[in-house]
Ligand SMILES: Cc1cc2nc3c(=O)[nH]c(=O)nc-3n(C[C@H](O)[C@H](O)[C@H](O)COP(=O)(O)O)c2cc1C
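We begin with a single chain expressed as structure tokens, specifically the form predicted alone.
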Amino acid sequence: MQPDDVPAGPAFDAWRIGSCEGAAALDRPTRDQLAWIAGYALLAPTTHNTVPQRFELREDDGALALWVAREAILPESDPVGRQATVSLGCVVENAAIAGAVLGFSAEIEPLSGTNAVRPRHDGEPDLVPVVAVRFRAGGERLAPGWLDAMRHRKMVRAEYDERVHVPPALLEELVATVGALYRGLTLHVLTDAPTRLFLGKFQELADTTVINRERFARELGDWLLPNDSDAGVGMRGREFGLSDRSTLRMHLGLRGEEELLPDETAGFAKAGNVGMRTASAVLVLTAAEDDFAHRLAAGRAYERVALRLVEAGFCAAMHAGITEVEAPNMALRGRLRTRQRPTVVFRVGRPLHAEDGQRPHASRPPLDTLLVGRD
């Protein structure tokens, strides 16, 4: 079933993906099946909706190879490429799940560019191959409901209804899933009010810290787009609940083209605080090592958990500030009593106001503009 909150226009056509004819009749997928799998991989969330992934359809060995466009890795908000790698992990997980719906198992193989997932510097290549997802017939076949979850999943950055609780059995299932499928990761569940208050304050601190850095603010303004933008990448203000006027004001103000008032920047940071405090639960993925393999796995785990939450009628919103600003990150590590690094932090719940759950999906570029490699 197609979501009913997808705006009109080619920038949103990716969400209207159809069914794929045929199953795993062969040992490996056809080119058309690989393209269909890539279409679902395109729906995965990426930091600032930068969509840094590129797809290579390798029919000869039944693989979907992912490349990264390093110009889409943001030097201010993602200086070491951690968020870009988490984003690629979400893309990989969508691809693996879509393949499993067709009856293919997936094997993940790192490629030569894993050390290059970081912002591009002058003289360095932009496109680098990062990981291949190889498909073969066999393995556990997943139900088509996972495809519905991918089409309906979106970041809902709104105030949640703190009266709603996530069933303990579902939280236990998510913790067990991460422990069983993603080596070196731990999923922590935080539900008590004092901890959510603590996290809200630290999220506000993280957002205030970065938004008051001129270069970061300009970068955010470049990716926070007016609501009438037809770009295939970037975030529109309506996805944050901002009106057309407020969005344009923030877009121009963050870029330094207008002067923002102190209460405007404070309000932007305060929203993250409110979101944390009203969440039904805050989930934290910590990683044993802060390297490519664990960052990629964290993205895969986040996407699997987010899709399962969609199936259960919940939504999620990621909070990258805590993972990238060291002081809040260290404080969270202390609260969790772990030596592992918090790599993905996200809140779970249901919107307090029903209309917030109907905010439009983010845009995506056409799939054919993201294909690279072999003809």
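Keep in mind the model is a prediction, meaning the values are calculated, not measured. Each residue number is its position in the shown sequence, starting from 1.
Not on display, but discussed next: the form predicted in complex with the named molecule.
Taken together, the three residues F202, T278 and L332 all stay farther than 4.5 Å from the named molecule in the predicted bound form, as judged by their closest heavy atom. Using a 4.5 angstroms threshold between heavy atoms, G39 stays clear of the named molecule in the predicted bound form. Taking the partner from elsewhere, A362 is found to have a heavy atom lying within 4.5 Å of the named molecule in the predicted bound form.
Contact check for W146: no non-hydrogen atom falls within 4.5 Å of the named molecule in the predicted bound form.
The named molecule is not shown here, but in the predicted bound form it comes within 4.5 Å of a heavy atom of M155.
With the partner removed from view, the residue among M250, V178, A287, M235 that has a non-hydrogen atom within 4.5 Å of the named molecule in the predicted bound form turns out to be M235.
P45 is the sole member of P45, G62, P342, P328 with a non-hydrogen atom lying within 4.5 angstroms of the named molecule in the predicted bound form.
Comparing 107 to 115, 164 to 172, 130 to 138, 79 to 87 against the named molecule in the predicted bound form, the single stretch with non-hydrogen atoms within 4.5 angstroms of it is 79 to 87. Residues of 309 to 326 lying near the named molecule in the predicted bound form, listed in sequence order, are M318, H319, A320, G321, the criterion being any heavy atom within 4.5 Å.
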